[in-house]
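Take a look at this single chain, the form predicted alone, given in structure tokens.
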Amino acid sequence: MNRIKAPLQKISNKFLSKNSFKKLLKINGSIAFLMCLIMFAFLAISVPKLFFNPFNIQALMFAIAPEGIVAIGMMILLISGVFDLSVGSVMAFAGLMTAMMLVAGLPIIVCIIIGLLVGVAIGFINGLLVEMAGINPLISTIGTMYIFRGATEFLMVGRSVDYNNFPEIFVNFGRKGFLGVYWMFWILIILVVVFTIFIVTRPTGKRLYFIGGNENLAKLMGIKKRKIRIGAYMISGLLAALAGILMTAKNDAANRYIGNVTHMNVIIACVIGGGSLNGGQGSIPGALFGIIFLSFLQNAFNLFDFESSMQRIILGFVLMAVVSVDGFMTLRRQKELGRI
């Protein structure tokens, strides 16, 4: 056994070495950052009055913050080689649970904690389905997506209770800010810093890349793949719930449509930011830059008054391009490793 582990350990050390790891993160985030700069320059030059309008800046912050928070969890999953299509439903359901507790008169902090725990629980369920039951992430998370979206609609449609008019402190949590920046955007920045430090410095963070890059080798190395991936799903659920709670506070009402297309937006953003549907690569700043790029693109649609049909066509082409590039890069990596 030691004869097998020795060369494997050398491969592991090489993969997780400080220099190669930093190089990987730098490459993964730089392309998305460059795309953000190009979009920013285009909008700033073509429609400066509209783009720099204070109301437009506010709209951008509200668009970037919740999906950026969700994208952090999605990138962690993608790095480990899996994904989660239920994040939008988690946003809606956790927001509704928080709203129901607020209407019931519970303390605000207790309501928020309950909402966050709902997200963690759904993430744990997803992790069990994928890792313990062996169900494909596509099937398992589509299942939970429908279950909790349906549960949200069941609890809201045709009911006599209105889940709105929350305490001012809670609403301010979604609508107010500091130094001209909304609290939800500050939360996003803090989370990006925290999880970047975790990925770069902690052994568990680095093992995510190893699991996603070579699952079989990770097993031979004794890495607890199931435990780490279940934990990643729980983090994703927690962050999706947080985003849903923030959106509920901003709207001052529970909304069953929250997060309807979030799962697709964050997956596209994460792949733009250097992640891969095949795992083993990506960075947290890259996820943020991917969300910013998509938000700039959506903002351009609105500023130039594009028809909704044209918006879907362009987003479709963006999705196809992103998936094609991801497939090409994966194929190239497989050839380099001598697997094909």
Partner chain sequence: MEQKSISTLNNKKKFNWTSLTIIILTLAVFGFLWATSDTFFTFANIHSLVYDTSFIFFGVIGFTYLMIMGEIDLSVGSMFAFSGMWLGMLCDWGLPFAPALIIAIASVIGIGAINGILVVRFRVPSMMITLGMMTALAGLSNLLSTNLYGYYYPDAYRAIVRPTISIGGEEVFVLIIIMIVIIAVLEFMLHKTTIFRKMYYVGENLDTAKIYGIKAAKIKFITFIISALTAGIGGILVGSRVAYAAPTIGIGYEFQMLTAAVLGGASLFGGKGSILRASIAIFFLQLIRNGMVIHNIDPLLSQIIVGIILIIAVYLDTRVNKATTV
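Numbering follows the first chain given and starts at 1. Just so it is clear, the structure is predicted and the values come from calculations on it, not from any experiment.
The next section is about a form of this same protein that is not shown, the form predicted in complex with its partner chain.
Comparing 234-242, 147-155, 165-173, 101-109 against its partner chain in the predicted bound form, the single stretch with non-hydrogen atoms within 4.5 angstroms of it is 147-155. Contact annotation for Ser140: at least one heavy atom lies within 4.5 Å of its partner chain in the predicted bound form. At a distance threshold of 4.5 angstroms between non-hydrogen atoms, Ile228 is out of contact with its partner chain in the predicted bound form. In the predicted bound form, its partner chain sits within 4.5 Å of a heavy atom belonging to Leu277. Contact annotation: Met247 falls outside 4.5 Å of its partner chain in the predicted bound form, judged by heavy atom distances.
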